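Below you'll find only one chain, the form predicted alone, shown as structure tokens.
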Amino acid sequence: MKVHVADHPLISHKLTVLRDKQTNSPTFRQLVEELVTLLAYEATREVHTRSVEIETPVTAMLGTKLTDPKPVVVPILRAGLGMLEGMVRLIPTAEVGFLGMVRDEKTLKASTYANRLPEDLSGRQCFILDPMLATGGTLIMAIEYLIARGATDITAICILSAPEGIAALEKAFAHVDVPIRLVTGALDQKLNEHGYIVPGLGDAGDRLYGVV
């Protein structure tokens, strides 16, 4: 598994504002969109393309276009939904599927409650959106779900990641042939006793949409 921590001053600046507990929900949502667009730029470096001949106003040339089938973007509900706009802004032709997953606050284990994905993901590049990689349980289950449907190229985009979550991912997919990549805005210190990332930014879903 490849791990890329995006090291860019703009990402660091936006993350600092995002982490601040005084940042309100509208500002938080806007920053998440902006951050995801920056992270998506890194995450799509290996997106599949093909060569095409075109005519510019000056001459003929060989250009580049995305190949078919189109990439599939998979936000993990609910917090991943806040990342979707930032991703499709960069790849507007991508198809969008959804996975509804929830983590039990006592056991820290994830379970799936909804999905809206193609039955066959063979040959599709899949981009999973989940703000926080904490224990890794949710992301592991999501990746396993996509592999079971035939996905052969998977990239996860997370705003923050904990070392424990990355270690869990590497262990879970150590012997899997499917290329798996993680692109994250920062690698934080650790998880606390409640499974929250430290220093982190709190509960991403609550900060995006409020407590309901």
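Since we're looking at a predicted model, the values are computed, not measured. The first residue of the sequence shown is number 1, and the count goes up from there.
Although it is not shown, the form predicted together with ligand URA is what the next lines describe.
Proximity of residue 139 to ligand URA in the model of the complex: non-hydrogen atoms within 4.5 Å are absent; the residue sits far from the partner. Although the partner is absent here, residue 18 is not a contact residue: none of its heavy atoms lies within 4.5 angstroms of ligand URA in the model of the complex.
Mapping the unseen interface onto this chain, residue 11 falls outside it, with no heavy atom inside 4.5 Å of ligand URA in the model of the complex.
For the chain shown alone, residue 126 is not a contact residue for ligand URA in the model of the complex, no non-hydrogen atom being within 4.5 angstroms. Considering ligand URA in the model of the complex, the lone stretch of 116-124, 92-100, 129-137, 67-75 in range is 129-137 [heavy atom distance within 4.5 Å].
Shown here without ligand URA, the chain has 195, 196, 197 in 182-198 lying with a heavy atom within 4.5 Å of that partner in the model of the complex.
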